[in-house]
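Okay, here we've got a single chain as structure tokens, the form predicted on its own, with questions on binding and movement later.
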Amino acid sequence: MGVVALFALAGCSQGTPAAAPSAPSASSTSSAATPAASAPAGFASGDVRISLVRQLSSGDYFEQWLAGAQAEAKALNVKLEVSSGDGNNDKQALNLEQAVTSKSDAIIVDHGFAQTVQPAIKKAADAKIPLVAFDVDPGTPGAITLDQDDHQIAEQALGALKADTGGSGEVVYVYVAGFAPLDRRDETWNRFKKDNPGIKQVAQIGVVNSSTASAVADQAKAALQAHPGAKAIFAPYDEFAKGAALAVKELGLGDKVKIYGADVSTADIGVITEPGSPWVATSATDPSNVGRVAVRAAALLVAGSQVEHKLTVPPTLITQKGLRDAGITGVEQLTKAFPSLATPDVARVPWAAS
């Protein structure tokens, strides 16, 4: 995954009116929905172009995030032009430069390494192109930032860990520094340890690459073998949690070691609900919903509407028991059992059907 920030970052002011809509591009990836009668002219005609510049596209979370963004673009009659750096920060920066040069009506930056994307984000601001930054520090006051409440995500998962362990026990922690969402979750973890001295961190592991789950599985096996007294793993990213679950399963420790994670996807649900799974709780937003919010925010900016500079999507604690009791097998069913995952009032578009 390179040096990427895994979740959102936020701020607070007014949106900037976008440049005039440009002509459709042959590289557009979605369009053609019937707009509401009151839609602004550019949306009614289908001429609005929004560039989605991604740092990474592989993995369940990122795939579902994109699916939500594309669905919302279709609903708003927007052409969503998608590019991915495929984990290469320099490639993402080049894609962002190209979005600025092509005079997109708005740009969404989905994750990224701040040092490589900030120069191009500044160029977008200088060109008065509205920009929404998800899970990366844009370094430009005019950009809208979108994030999940990462502190609350960690608080919810750790609350479940504390309840299950009685506030004491050895814990293996999975973390990689330099990723904005993980760094925020780490802040909560450090406060949690101070407030709960019975919790002992006995090992810190973690890696982010193109095969994060399998790499973490190897590290987790070594950590658990070195610390046989461990009874929990705090893995605040779903690829971390999947790797940890694989390690616990391979070591036959499912009855002894429980995993508390973050994020959710259909694949994650399969891991959490399978018989004997040690992954018992995860705090998450619906990635598809977050993708939708990002596109709505960008659309509002194109229309010249005011948008809060800091947009935050609140998480929900999803438990293994809750998933099993409700018979949930995929993310499309989640909001039925956990309705707080839907956030239609975050960056609501007034001309779109509710």
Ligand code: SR1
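Heads up: residue numbers just count along the shown sequence, starting at 1. Computed from a prediction, not measured in an experiment: that's the story for all the values here.
One more form of this protein, predicted together with the ligand, exists but is not displayed; see below.
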Report yes if all three of 54, 81 and 124 come within 4.5 Å of the ligand in the predicted bound form by some heavy atom, otherwise no. no
Answer key: of 182, 73, 281, 224, within 4.5 Å of the ligand in the predicted bound form (heavy atoms) is 182
Of 265, 145, 92, 148, the one that lies within 4.5 Å of the ligand in the predicted bound form (heavy atoms): 148
Given that the partner is absent here, does residue 237 sit within 4.5 Å of the ligand in the predicted bound form, heavy atoms only? yes
Determine whether any heavy atom of residue 43 comes within 4.5 Å of a heavy atom of the ligand in the predicted bound form, and answer yes or no. no
Is residue 100 part of the interface with the ligand in the predicted bound form - any heavy atom within 4.5 Å? no
With the partner left out of view, is residue 111 within 4.5 angstroms of the ligand in the predicted bound form by any non-hydrogen atom? yes
Based on heavy atom distances of 4.5 Å or less, which listed stretch (155-163, 83-91, 173-181, 213-221) is in contact with the ligand in the predicted bound form? 173-181
Heavy atom within 4.5 Å of the ligand in the predicted bound form: which residues of 47-67 meet that condition, in order? 56, 61, 62
